[in-house]
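Shown below, as structure tokens, is a lone chain in the form predicted on its own; questions about how it binds or moves come after it.
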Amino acid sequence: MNQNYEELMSKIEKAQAFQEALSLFEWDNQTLAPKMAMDNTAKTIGLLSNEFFSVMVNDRVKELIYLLSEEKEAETLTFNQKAIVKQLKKTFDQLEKIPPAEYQAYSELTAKANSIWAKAKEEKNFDAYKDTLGEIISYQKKFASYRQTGDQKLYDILLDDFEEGFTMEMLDQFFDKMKTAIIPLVKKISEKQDFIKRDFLNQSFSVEQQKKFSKEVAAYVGFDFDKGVIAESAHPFTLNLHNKDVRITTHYLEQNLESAIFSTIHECGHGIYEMNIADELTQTPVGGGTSMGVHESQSRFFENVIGRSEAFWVPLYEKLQAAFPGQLDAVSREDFVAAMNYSKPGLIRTEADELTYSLHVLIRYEIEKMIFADQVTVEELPALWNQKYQEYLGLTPSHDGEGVLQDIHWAGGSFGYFPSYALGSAIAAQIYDYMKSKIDVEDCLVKGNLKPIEAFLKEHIHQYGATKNTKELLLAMSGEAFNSDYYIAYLTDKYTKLYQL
């Protein structure tokens, strides 16, 4: 074992411990923490963040990272160890440029921002949130500028944090393809709005029964309750401390049966990914998913590619009917599945159907580009948001709660994150296309045996954690880098058949 590597890891273990503590605060803040707790808790979060910063950014850690990055030293490391050093160097280079006082102040700001956003959303009042959002954006611009080289764009720096190697140039091409393919399809379907019946969903479904069925579905798709838990939050999310402590949340709406079911399946996709990361990688800097795009590919794969398929519901539909006695008895499985794939433009991203979803992401991507090119002020964001919803989806929010305030991401400083949702859908379609050449996916689903599907994903995606980036994972799996054509073909085929276009 390389002694320099051992010394570095002994220091990094402490940083990982601080990160896990901070993750527990995040979990608590969004699930069970009382409303009045945040101001005091934010101070603790700020102090812990400062301690993490001190462990990560110091002369000895820098010396060890750069020493281990040299070719001679790197030759003594394993593949996983090289990946860990590479990730540490990237993190160090990001943090070193930020003054510690600014890092702590920003950590406290974002800790408080979640509750400020939640209250503003509940009250449909953007003015109550705009100053906080303005501060966050200012910090993000400042932090990105610290890392800026040459004529590099600020937003490209942020995009790379979530999806290594992806730039605005690449994403512009990707979204242009999406617009060309999806918008005409959405318009054709809008002319057949009565083709799929959904009236049976216009009733109240017991929240307690929804909770029970959601837990059963989670276990069915492979979420291991010996390694994970499900809680409730306003905005469903997944958080992992390590591969044996993975936490997901969902939400339950009495008048919306499908929301809980598919939110749960979606988060299970994230959770299963984290549970399947190799033991030797967990609790290291590469012990999580490789990127937000690949992470979303797993949640979208489980939610949409599998979860909304006819075959998935063959073994499950009678159990769903039994969970809500008398409410779905007259509804055939075929009609239920069609209703779950119904497409109609809406205002809320998290409730969007599979076809229109990427248009919601496109809107956020275009707005974020404008924010970091100084083409829009914070005060102008609600109007810009509404304008783009009218342009792409033909709808205008009636208030900011269903408009610019609907997502939590900006309150946490996650700019550059949103494109990963659309990339994830595209990556999921690409993985699915290759998977079908290796295993009979439909047969597995009809027989209620998801183990071969999960084993495939573990073999090609999950086990590697963040030791490989998106391009490397896809190339190793199929010999082909990212290709959005699979996504366009998948959506076109699915919705052309569903709506008999």
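All values derive from a computational prediction rather than experimental measurement. Numbers follow the displayed sequence, beginning with 1.
Missing here is the form predicted together with another copy of the chain; even so, the following discussion is about that form.
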Please pick, from D433, E472, E454, D28, the one residue with any non-hydrogen atom lying within 4.5 angstroms of another copy of the chain in the predicted bound form.
D28
Of these, M477, A17, A481, A489, which has a heavy atom no more than 4.5 Å from another copy of the chain in the predicted bound form?
A17
Which among 400-408, 95-103, 236-244, 339-347 is in contact with another copy of the chain in the predicted bound form, heavy atoms within 4.5 angstroms?
236-244
Can we say P34, N40 and L47 each have a non-hydrogen atom within 4.5 Å of another copy of the chain in the predicted bound form?
yes
Can you work out whether G287 and another copy of the chain are in contact in the predicted bound form, taking contact to mean some heavy atom pair no more than 4.5 Å apart?
no
Taking heavy atoms only, is V229 within 4.5 angstroms of another copy of the chain in the predicted bound form?
yes
F79 within 4.5 Å of another copy of the chain in the predicted bound form, heavy atoms:
no
Just to confirm, E13 within 4.5 Å of another copy of the chain in the predicted bound form by heavy atoms?
yes
Along 423-460, which positions have a non-hydrogen atom within 4.5 Å of another copy of the chain in the predicted bound form?
none
